[in-house]
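Heads up, the chain below is alone and in the form predicted on its own; it's given as structure tokens.
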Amino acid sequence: MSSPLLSDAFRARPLNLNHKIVDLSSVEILPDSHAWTFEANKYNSSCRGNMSNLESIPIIDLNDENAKELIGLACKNWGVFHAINHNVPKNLIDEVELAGERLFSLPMHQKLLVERTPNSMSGYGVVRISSFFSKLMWSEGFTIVGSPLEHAAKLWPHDYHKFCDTIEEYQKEMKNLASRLMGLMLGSLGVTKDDVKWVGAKDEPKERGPALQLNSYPPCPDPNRAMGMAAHTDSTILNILHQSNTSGLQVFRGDNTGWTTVQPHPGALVILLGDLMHILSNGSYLNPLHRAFVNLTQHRLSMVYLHGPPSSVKISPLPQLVDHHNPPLYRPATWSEYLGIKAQYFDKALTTIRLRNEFMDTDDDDSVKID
């Protein structure tokens, strides 16, 4: 069952899925449909980026007495960090990874039984983060919004309970962790959950079903001309990502650092801030541009939990962060509305809702930050 919020958003911004899904595991020569010309986009100028960059993503122990302050620094300087001591059982993470491997190893004709439709977020298909990209990415995805029962029953008619139980338990753990992270992030901004009522709500609104994205990046015959995931920022508040032991995720920093590879760290989950957290923090927390490259010989799997607000909430800079000297940078917008704006304007989405006022430099066009 899909979340009405996300389903409505996708009906309003359907992706063009008029293409034949290629079985990437059987391809020996990179098809033209997947061959990227990186010169067309300066942020995708090299699919490998700065592989020698020695700067590492912050690793934060959530049990550290200074976790709140450390998270604040990571959010301001990176917009991404590794979280350890997150209380998500390792055996559960391993089980979800095995469930993903089991799913993606199915024959193509079985996976197509749950192929997503143009106006739906749920189901199997190639990863298309935006219709702005004419080329396909070297990856396949399976999106679960709410319960996985409907799709799992089609994939494994007589053996779907284990998959459902594993995914639902993982979604529950991710929801708890997202709430914990929100408390720490708001605290680092000098705000409490009591100040933002919808964050501290104990009951999950029906319209905000948990969303989990499983991504598979098979070995690629020509990884230097393919893209696992094109450069983008997330439209969520935050994402919680587990990646298998194969490197692939990179984040971009605009301070001449360039692309930095987020190396897998044992026992850690990667926390990526989205556009909505950038808005909530009134621009002080980064929403990092990130992408994924692919490998000649190794398969990579990632699991991403997408955390956003209830459909009725208009996201805007937190009142506690706004005053005469720090005016609001963005107008209010619901998550669904913002998804529609992102679909239309993609990397210019934040610019379209940015406010101009007398306290701001009128020459500021967001060119310094990567939104």
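One-based numbering along the sequence shown. All values derive from a computational prediction rather than experimental measurement.
Another form, the form predicted in complex with a small molecule, is not on view; read the next lines as being about it.
Proximity of Gln213 to the small molecule in the predicted bound form: non-hydrogen atoms within 4.5 Å are present. Within 4.5 Å of any heavy atom of the small molecule in the predicted bound form lies no heavy atom of His82.
Put simply, His151 is far from the small molecule in the predicted bound form: not one heavy atom of it is within 4.5 Å. At a distance threshold of 4.5 angstroms between non-hydrogen atoms, Arg225 is out of contact with the small molecule in the predicted bound form. Proximity to the small molecule in the predicted bound form, defined as a heavy atom within 4.5 Å, singles out one entry of Leu184, Val96, Leu155, Leu241, which is Leu241.
The partner is absent here, but in the predicted bound form a heavy atom of Ala292, alone among Cys220, Ala292, Ile167, Val196, sits within 4.5 Å of the small molecule.
Remark: of stretches 56-64, 301-309, 28-36, 317-325, the one touching the small molecule in the predicted bound form is 301-309 (heavy atom within 4.5 Å).
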